[in-house]
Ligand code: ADP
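Encoded as structure tokens, the following chain is the form predicted on its own, with no partner shown.
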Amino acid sequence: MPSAITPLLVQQPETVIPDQFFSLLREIWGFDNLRPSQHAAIGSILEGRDTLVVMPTGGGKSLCYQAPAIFRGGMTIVVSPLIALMKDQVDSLKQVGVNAIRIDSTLSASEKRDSANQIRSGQVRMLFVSPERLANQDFVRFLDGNDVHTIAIDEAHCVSQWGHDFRPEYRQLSSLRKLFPTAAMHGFTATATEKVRLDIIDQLGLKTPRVLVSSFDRPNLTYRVLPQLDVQDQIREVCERHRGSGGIIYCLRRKDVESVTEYLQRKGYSAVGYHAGMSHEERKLAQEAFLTEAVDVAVATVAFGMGIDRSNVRFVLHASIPKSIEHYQQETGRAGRDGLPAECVLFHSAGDAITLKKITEASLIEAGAREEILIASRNQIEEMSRYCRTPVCRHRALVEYFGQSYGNDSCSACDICLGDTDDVPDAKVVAQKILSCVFRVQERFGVNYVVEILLGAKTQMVLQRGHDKLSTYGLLKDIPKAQLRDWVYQLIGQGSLELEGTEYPILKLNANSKAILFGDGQPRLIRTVAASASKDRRQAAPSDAIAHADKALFEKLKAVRRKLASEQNVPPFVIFSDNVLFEMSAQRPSTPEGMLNVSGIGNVKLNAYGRTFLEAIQEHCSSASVEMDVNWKKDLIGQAVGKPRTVRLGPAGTKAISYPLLREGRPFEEIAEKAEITVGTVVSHLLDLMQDEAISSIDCWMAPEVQQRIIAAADIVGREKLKPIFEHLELSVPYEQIRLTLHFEKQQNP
């Protein structure tokens, strides 16, 4: 590949965007500025340069091709693989006054004629089509005479056979360069490794493209990866934490979807199933029920794409492992797209990994896949399994998988960093007992059999083989079976044991095993905390985002939104996102001018909905004697609710902004807004700065009495983990403040 297409991590905007563009942005979408990643992408698109944009879900990807299309005029064609996604985008654009249409199989004959007339007359600014339709010669000829200057290919990873969702019909898009020789082409995807990015560029024939890769980190998501025990009960616990909120549950098999859906419905949860075995009408009704918030939870197979574009999904739960880390990133990316805190929980088991390998390989073989594709699929599942079994910060593991560095010592937003798991005391002794048992049975058996021996099971096979006489028989009889199996797989994940074979894999020792048995090898094993200690787990992402909102008013505004959405037959988030409603219920504007101060409200939506929401706000504030026109942002120490969520582009660019402001002792929220990062990231920057420069006091950021409370709590429960301190302080002090106080204490008393 020529060096001109080597992907680079974007650190700062490269193009000056005209002021008129920002006027349009304010007028239509209600935003005053762009995130750095959006600035770089939009600048490249406005230049007419081929571009590949890799931006996580929730990063504002669609705005990058929508806004330039309106600003430049002419026609932009958007290629999308799913009708549901096309419909949502067209509905959203029409809400802000943009003439966008879609051409797909669900349109009636009269709708198709009307769309054709609009295209011929040059009225259409954005045309959404499927890859199959755009590759059709007759359809291309139909577009002759229109000023097609831009082609945006959404979900561009579908073109790559190395991607997580390869679709053969996307390969036909290679002909677009010949069909539209003067049009600039832009690929957009939420997740792609470097290998996939290079394949996208090659398959689409992008000409010396600018490749813009945002950070893969989603700091508002809390990741938890836990072994399967009683999976239905575990699912219920997660649903209970988020009762009344939107959630997606992914299952391995259709029968699992049906059993989980039935179980949740019996327990009183609002849930609907969704899988490929259902009729088209059943799937359509299920999806509409979830998108319109008529039901809270959608249960689906991991093998079937849902095309979900609901922005306020508060949790995504995997009842078994996904096909790959790319799939996992994409599927968990459906949580917290509005930038507010959300939770992603994965319950894994070795059996599911083996079953998934069998299902995936059978499907690929039936489709005639080449051997290299089969090997790649096996490797992807193994990488996913290793991610589940290895006790490393989940945010770090995901970011580093995609080739980026992670600058924080602790994410404070995963099971590892939050202390949902503990290190196993005497892990080396436990590992030696496990490895010794594998040796005693001559490396001829699999995980389950070795576990039975260690537990002292009196099964027929164990007794017949005389393995009850082994020195390792019953050595770990006091350990729960599920926990012991998990430890064996942790050793495999760390490379201290190996599994050989596919259908009936057996355990094998290796050099690392012998280092643990006879040398200096030191494994790390973890276990989940006791259930009683974990019942009150909270999101690690900052809850200050909604602290200033009037909760009763927020619920009333949601009801207003739901009524308007029902009348217009669109999903509620198309009217306004939860972010907008939170800011509206915190600010409580009394005038149309005040409404325009809410990020995400432009003139078009103000004219359409302003009066309705103002009346609801005024009625609530009058009856509840609540103040209106509140300048809530001035006191906010946490995430600015109404601002578009910033996706970090790596520490170098944002530190150049934050460091000088930190030296001046400026408030965290001010720095976060100027650098377009979260307050948690600002704190991380301060910790990094303190490594190189002496900071004499942190009183400008934290009250001394709060620091004293944290130190007193740490003296009682210890300083090894943040969670015990957090719980000792009755959940009243954010993790960021605990981290900062302990770090400053250590600096002052090295």
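Sequential numbering from 1, following the sequence displayed. Computed from a predicted model, the values in this text were never measured in an experiment.
Absent from the display: the form predicted in complex with this ligand. The rest refers to it.
Only one of Arg394, His348, Arg337, Arg314 comes within 4.5 Å of this ligand in the predicted complex through a heavy atom, and that residue is Arg337. With the partner removed from view, the residue among Ala69, Leu34, Ala713, Leu687 that has a non-hydrogen atom within 4.5 Å of this ligand in the predicted complex turns out to be Leu34. This ligand is not shown here, but in the predicted complex it comes within 4.5 Å of a heavy atom of Leu63.
Contact check for Gly43: every heavy atom lies farther than 4.5 Å from this ligand in the predicted complex. With this ligand left out of view, the stretch that reaches within 4.5 Å of it through heavy atoms in the predicted complex is, among 713-721, 700-708, 52-60, 687-695, 52-60.
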